[in-house]
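A single chain comes next, written as C-alpha cells; it is the form predicted on its own.
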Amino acid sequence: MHTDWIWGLCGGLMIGLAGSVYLLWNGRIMGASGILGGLIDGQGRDTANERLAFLGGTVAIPAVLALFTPGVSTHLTGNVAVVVLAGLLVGIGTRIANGCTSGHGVCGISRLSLRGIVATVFYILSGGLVMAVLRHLLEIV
C-alpha cells in the first residue's frame, strides 16, 4: 500500500498542533515568515529567544527525522538557480502578502480569517500557474 498520504497527514497534524500551541501559549499567530522577519528587521528583539527556538526546531526536527527514515525523497530540483529564484520569490511574496503558508494558510484559515483565506487561494493558484508554466511550457523544472 502506498503510504505517502500517511506522512502528509502526520505532518499536517503536527503543523496544526504546533500552530494551536503557539497561539495558546504566546497569543500570537505562528507565521514562519513573520517570526524570521522579526529577527531580521529587529522588531522581534524582545522575543528573539522564542523566535530562534522556533526556527531552530523548524530546521533541526526534519534533520533528526531524516536520520530515522533513510531514502526519503524530497523531489527537489537539482537546478540551484531555480531553487535560489524560488526562495527569493517566496520571500518577496510573503512580504507583499504580510504572511506565509503557516500564518495565512494554517492559522488564518483555521480562524476563518477572510484575509488568510484570500491570501491562501491566491498563493495556491499562483504556485500552480508558475509550476504549469515552468514544467510544461518552458520545461525548466
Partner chain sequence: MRRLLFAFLSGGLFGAGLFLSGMTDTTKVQGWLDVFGDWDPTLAFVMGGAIIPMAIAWRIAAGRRTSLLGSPLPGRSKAHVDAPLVVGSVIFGAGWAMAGLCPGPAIASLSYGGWRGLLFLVAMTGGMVAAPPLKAWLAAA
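All of these numbers come straight from a predicted model, not from anything done at the bench. Positions refer to the first chain, counted from 1.
Keep in mind the form predicted together with the partner chain is missing from the figure; the text below concerns it.
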| property | result |
| --- | --- |
| Contact label in the predicted bound form: G44 to the partner chain, heavy atom within 4.5 Å | no |
| Proximity of E139 to the partner chain in the predicted bound form, heavy atoms at 4.5 Å | no |
| In the predicted bound form, residues of 81-118 near the partner chain [heavy atom within 4.5 Å] | V82, V83, V84, L85, A86, G87, L88, L89, V90, G91, I92, G93, T94, R95, I96, A97, N98, C100, T101, S102, H104, G105, V106, C107, I109, S110, R111, L112, S113, L114, R115, V118 |
